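Taking the form predicted alone, here's one chain by itself in structure tokens.
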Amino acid sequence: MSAPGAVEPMYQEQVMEFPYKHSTGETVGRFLAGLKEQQTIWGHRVAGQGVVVPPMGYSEIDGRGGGEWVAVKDTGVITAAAIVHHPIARLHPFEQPFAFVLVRLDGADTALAHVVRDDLGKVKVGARVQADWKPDGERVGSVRDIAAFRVVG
């Protein structure tokens, strides 16, 4: 029970953001440079895990450092998918329906998280996909240099 004249606490929801830059380090830097400069997707052969894409530079199993760099193909297979029928502004990357997918690229043993924007009726586990790259001059060294994947089979 509140005292006469007392004001009940009020609550206000606020969103706080902390923009910052950080160094990518050698491993992620090489991966991103490959996307930007060569349209090449680099993986890292890691003990006990095979070829990891995107590369981590170490084994999640025993912490040993990564080994050989391996260029994997920009084609692969969907291993998981979630279709977003009603994208939410500022939360999702597109305004039109799309699918979040995990793609195990040909030559990799792990899956890369990305998106499919077209032919959503063909999106399913096991479907073959191929990367659609941004044109030369538009790639910036980001996983988004792959604009999206498209279903090819």
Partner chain sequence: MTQLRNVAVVGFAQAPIVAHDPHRMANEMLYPVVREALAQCGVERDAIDYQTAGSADYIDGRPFGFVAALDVMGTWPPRQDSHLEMDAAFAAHYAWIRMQAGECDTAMVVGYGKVSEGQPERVLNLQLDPYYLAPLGLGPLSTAALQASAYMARSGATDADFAACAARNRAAAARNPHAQVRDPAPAAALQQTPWAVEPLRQGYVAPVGESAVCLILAAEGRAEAMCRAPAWIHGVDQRAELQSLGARDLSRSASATLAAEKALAMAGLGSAADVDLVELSAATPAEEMILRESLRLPAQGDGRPAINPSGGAIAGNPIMMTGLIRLGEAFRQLSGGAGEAAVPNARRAIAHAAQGHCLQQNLWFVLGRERRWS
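Residue numbers count along the first chain shown, from 1. Under this definition, the rigid core comprises the largest set of C-alpha atoms superposing within 1.5 Å between the forms. Only a predicted model underlies this, so the values are computations on that prediction, with no experimental measurement involved.
Keep in mind the form predicted in complex with the partner chain is missing from the figure; the text below concerns it.
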Quiz item: Is there any non-hydrogen atom of Q39 lying within 4.5 Å of the partner chain in the predicted complex?
Solution: no
Quiz item: So in the predicted complex, does A47 come within 4.5 Å of the partner chain, heavy atom to heavy atom?
Solution: no
Self-check item: Non-hydrogen atom contact R144 with the partner chain in the predicted complex at 4.5 angstroms
Solution: yes
Exercise. Considering only heavy atoms, tell me if T79 and the partner chain come within 4.5 Å of each other in the predicted complex.
Key: yes
Practice problem: Run the contact test on A108, K122 and V152 with a 4.5 Å heavy atom cut-off to the partner chain in the predicted complex and return yes or no. | Solution: no
Exercise. Using the arrangement in the predicted complex, list in sequence order the residues of 74-90 with any heavy atom within 4.5 angstroms of the partner chain.
Key: T79, A80, A81, A82, I83, V84, H85, H86, I88, A89, R90
Self-check item: Core-aligned C-alpha movement of Y20 between the shown form and the other one, 2 Å or more
Solution: no
